[in-house]
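Shown below, as structure tokens, is a lone chain in the form predicted alone; questions about how it binds or moves come after it.
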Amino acid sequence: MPRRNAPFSIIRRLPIYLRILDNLIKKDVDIISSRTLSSRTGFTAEQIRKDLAYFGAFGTRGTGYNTVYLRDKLLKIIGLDKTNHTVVIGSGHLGTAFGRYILMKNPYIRVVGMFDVSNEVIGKKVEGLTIEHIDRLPAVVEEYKVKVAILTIPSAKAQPIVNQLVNSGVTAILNFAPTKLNVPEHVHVHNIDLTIELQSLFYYTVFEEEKDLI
């Protein structure tokens, strides 16, 4: 299956479909329609069909999609059909929680390293994985051919660590640090600012209050 440079909006939806398919397969559901996927995701059936058709023909008109077949195709499209290693840099409350969640809940991604500079956390274990000093980062990235890293460190320390990651071969970064990172064009950064996400939610509370006054 040739890989295509799909729009980011489509890529963001594929893991949602994958999660639903995983749950259906656990319940021995063999076939699912785009309409059922729509009811479970909130996306329209037409949008789902377009998303999947972007990569090929996976379903049968009037029948639907075979859950195992579609799950396997999505794994290959996303790149989760092989062992995927990641590292977590910053092992405070957020980094530890995120690392623990991946270790316990994500069968497709393996955390092979968690790093920090604080003696308070170095040496502690998270689901059996020992938090190491940041000096060990390049060696672990090289050993496991890590391509994706998770950054949960203060803004002031982010860019030097990112430079180190890029020099070690990392090409995608999930960034929780509230700062813009400078990376080469071939490196993808997905920024998540939890403060902005939380603050933006208050818009909807004001919106609902204003509706009540109309």
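The model shown is predicted, which means the values in this text are computed figures rather than measured ones. Start at 1 and count along the sequence shown; that's the residue number.
Heads up, the form predicted together with the DNA isn't pictured, but that's what we're talking about next.
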Counting only heavy atoms and a 4.5 Å cut-off, does the DNA in the model of the complex sit next to every one of Ser9, Gln47 and Phe58?
yes
At 4.5 Å between heavy atoms, is Gln164 in contact with the DNA in the model of the complex?
no
Does at least one non-hydrogen atom of Ser39 fall within 4.5 angstroms of the DNA in the model of the complex?
no
Can Ser34 be called a contact residue for the DNA in the model of the complex at 4.5 Å between heavy atoms?
yes
How about Val189 - does it come within 4.5 Å of the DNA in the model of the complex, if we only consider non-hydrogen atoms?
no
Candidate stretches 22 to 30, 174 to 182, 153 to 161, 60 to 68, one within 4.5 Å of the DNA in the model of the complex by heavy atom:
60 to 68
